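Quick heads-up: it's one chain on its own, the form predicted on its own, in structure tokens.
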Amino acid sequence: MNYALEDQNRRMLRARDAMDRTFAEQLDIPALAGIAHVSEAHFIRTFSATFGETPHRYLQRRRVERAMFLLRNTDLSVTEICYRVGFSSLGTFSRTFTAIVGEPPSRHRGRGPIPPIPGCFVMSWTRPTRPTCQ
């Protein structure tokens, strides 16, 4: 990997990390482009090329992932969860949730709490892999 591509990937990762920290807030493309030190249009194109989805789609998926956790592990209403993860419309939240997860939020909640994950599985899942020689 050349230096320019590596530097670009680092800048995109910094912007994505910022999105992860503030996922419940409105998407601020100018601020994210500033973090990545590129123009707004270049940021959207580069983010899509780097991660395979637009910043907007990434943010929606991130919000839905958080909503999935809250639905199965809290007693908050679907409406409260909708606003807590950053959606401003219950209809948009339900439609987006169903498109990404494949079932509506209320049905997902019916699956019950997420079972605890054994520590050994978490360690093996998060352990960095050794690059293979080619």
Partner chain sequence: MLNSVSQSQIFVLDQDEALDFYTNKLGLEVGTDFDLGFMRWLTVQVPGHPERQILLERPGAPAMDEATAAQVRDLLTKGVMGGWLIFTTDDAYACYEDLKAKGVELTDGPTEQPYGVDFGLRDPFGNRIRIGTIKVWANDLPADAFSQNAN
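Here the rigid core means the biggest group of C-alpha atoms that line up within 1.5 Å when the two forms are laid on top of each other. Remember, it's a predicted structure, so these values are computed and weren't measured experimentally. Numbering follows the first chain given and starts at 1.
Missing here is the form predicted together with its partner chain; even so, the following discussion is about that form.
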For R57, is any heavy atom within 4.5 Å of its partner chain in the predicted complex, or not?
no
Hey, in the predicted complex, is T50 touching its partner chain, heavy atoms inside 4.5 Å?
yes
4.5 Å heavy atom contact, E25 and its partner chain in the predicted complex:
no
Can R72 be called a contact residue for its partner chain in the predicted complex at 4.5 Å between heavy atoms?
yes
Counting only heavy atoms, which residues in 8-30 are within 4.5 Å of its partner chain in the predicted complex?
N9, R10, L13, R14, R16, D17, R21
So, does L13 move by 2 Å or more at the CA between the shown form and the other one, with the core held fixed?
no
